[in-house]
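Heads up, the chain below is alone and in the form predicted on its own; it's given as C-alpha cells.
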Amino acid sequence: MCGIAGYIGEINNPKEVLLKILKNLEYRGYDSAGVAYVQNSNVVYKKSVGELKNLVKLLKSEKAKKGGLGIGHTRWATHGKPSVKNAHPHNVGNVFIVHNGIIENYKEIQDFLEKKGYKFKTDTDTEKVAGLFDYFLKQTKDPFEAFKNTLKMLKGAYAIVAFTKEGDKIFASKLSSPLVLGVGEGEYFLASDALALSDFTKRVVYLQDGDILQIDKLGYKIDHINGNISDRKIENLNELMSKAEKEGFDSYMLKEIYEQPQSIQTSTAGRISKDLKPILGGLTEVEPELKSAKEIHFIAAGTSYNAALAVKHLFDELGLPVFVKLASEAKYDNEKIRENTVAFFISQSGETADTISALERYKKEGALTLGVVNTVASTIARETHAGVYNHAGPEISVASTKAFTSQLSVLFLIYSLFKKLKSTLSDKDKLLLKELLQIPKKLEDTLPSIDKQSLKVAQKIFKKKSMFTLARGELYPIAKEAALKIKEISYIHAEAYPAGELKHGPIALIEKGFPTLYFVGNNLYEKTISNIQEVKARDAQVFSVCFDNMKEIIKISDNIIKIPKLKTATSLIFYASALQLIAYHSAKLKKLNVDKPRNLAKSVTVE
C-alpha cells in the first residue's frame, strides 16, 4: 500500500513536515521508511528498516532549517524484501524518487538501461523508474519533459513523486494509485491521503489519472500525459472530512454497499496486465512455492469464510486438494498439515483472534502462510510470510459488505495467478479477468435498480421470524452469506441450505407464507426450478435473485431481483450486492441500527 509525502516551500522545515506526513501515513506501511530533502543545495538522504521511529532517530542529528524541498515514503514491501537498499526514496544519478504501485514492464526498462550503462543496486521496480528519469534528463536537459517521457514508457499502476539533485522543482504523477496536492500559503504538500495533510493545510487538489504535476516555490501547474493542461479544483478539506462521514447516506452500511464499484476497482488496480494476466506483487517472492503447492487451505471466519467458500469451485479446477476451514476449528482439528501446503488467512481487520490462532499452528507446522487482509500493518499482515491487501478502504459498519466483494476480487486474482504458474491461462480464465475489469462500471450502473428491487423483497420479509436462503452448486456460499447478513442486521432467523437438501428434512418447516430466498445461476438451472416448485406447492413465498433473461424463474417467483448476465464467477459480486441490500432494507424497516447490530463487534479479537 505504502505512503508518499512531499514538501516544497519557505515556511516550514522539510524534515519535520515530511516526518509528520509520514507519521499520518504509517498505517499504509511499516516495513521501512526514508526521506530525501534539499537545504542550502545539499541533499539529506536517509533510510531505515522497520517503523518510522527508526528513521526519526536516524535524522535526530540533522539540523532543522526552514525552507527547501523533499520527498518521503513509508513502505509496505512488494518488489524486494524489506531492507535499507530497497527502502524509498531511490536515487539514480541526479534523480530522487518515491513510488507506490507496480510497474509491469520494469524488467524491459532495466534491460534497456543496462545497455546504456546503468547499473542497479536494488530489487525494486522503482529504482528502474528513477534510472529512466535520469536517462531522459541527460537527453533533454529539461526535467519536466524528461519526467513526462519517463511516464510514457511506464506500464502498470503508480503514484510517483520525484526531484532532481540540482533542481528547485518537484514532479509528480498518478495512475490508479492515490495522490493529493495540499495548497498552503507559499508552500505545497503531497500525500497519498488527504487527511495526512490536515496538520498543514485545509485546501487540497485530488490529482486524476494521467495528471503530471510540476511544483516550485512560486506555484504549480498540472499537465496531462495526453498533452492537455488540466484545471483541477481546489477543495476544502474540512468540507470533505464532513462529507466523508456518510456522504448523504443514512448509514455507513449503505454507503459502503454503494462504494463497492470503487473498492473493487481499487482492489484490482494495477493487478491485471493489458494482455489479461494477474500481477500480484505481494506474492512475487513466493511464486516458486505456489507453483509447487500440493494442497491449498483457506482459513477464515464469518463473511471471510463465505468468500473463500464462494471461490472454492474455481480453485478445484487446479487439480489440487482445496480445503476451506473455519478458523475457530482449524487450530484444533487433528488433520495433518502436509508438505507443500499453501494456506491463505482471510480477514478484513487482520486481527481476528481465531484466524490468528490458526495461523500460529500452520506456521509452526511448516505451511506457507499468506494473508488476504484489508487493514495495513495488522497482525495477520505482519505474521504471514506474504500476502495481498484488499485495498477496499476503511469499513466502519460492523456488517462486512465492500470487504466481502473485494475479497472475492482478490481471490479471483489469486486463482488466476495459480493457473498461470501451474499451467496456462485458458480463454475462460482470461474472460474472468476481463469481466473483473468491467465489474466496477456494470455494478455502478445496476446498483440503483438492485436497490429498488431489494426493497420490495425486504418489505415482504421484514416482519417474518424465520426464512430459508437457498441455492445450488457454487451459489450455495452466497446463500450462506445471505443468511448471515440477514441474521446479523435484521435479526430474522435465516438458514441457508443447498436447495436440493430441502426434501431431506427442512421442508417440514415450509408452510403458507414462509419466505424462501433463492439465488439462481446457470448451473443446475432446471433442478433449481424443480426445487422452487416444491416450495410453491406448499404455498411458500418465493423471492429469487437471477439473471435478467431467466424467464422461467421470473414467472414462478413472487418477487425478482434481476442482475446482469455474466459468463464467469464475477457474477458472484452482483448476487452479493443484492443480498446485502435485502438485509439492509429489512433492518431499516424494523428501525434497527444497521451499523451497530446487537452483540457484535467489527473485529473479533478474542477466541
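Predicted, not measured: the structure shown is a model, and the values here were computed from it. Numbers for residues come from their place in the sequence shown, where the first is 1.
Heads up, the form predicted in complex with a small molecule isn't pictured, but that's what we're talking about next.
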Check: Could you tell me if Ser347 has a non-hydrogen atom within 4.5 Å of the small molecule in the model of the complex?
Finding: yes
Margin query: Can you tell me whether Val398 touches the small molecule? I mean in the model of the complex, with a 4.5 angstroms heavy atom cut-off.
Written below: yes
Next item on the list: Report whether the minimum heavy atom distance between Lys485 and the small molecule in the model of the complex is within 4.5 Å.
Entry: yes
Item checked: Touches the small molecule in the model of the complex: Thr303 (any heavy atom, 4.5 Å) -> yes
Next item on the list: Could you tell me which of 303-311, 94-102, 471-479, 432-440 sits within 4.5 Å of the small molecule in the model of the complex, going by non-hydrogen atoms?
Entry: 303-311
Margin query: I need to confirm a contact call. Of Asn531, Thr352, Ser454, Ser406, which residue comes within 4.5 Å of the small molecule in the model of the complex, counting heavy atoms only?
Written below: Thr352
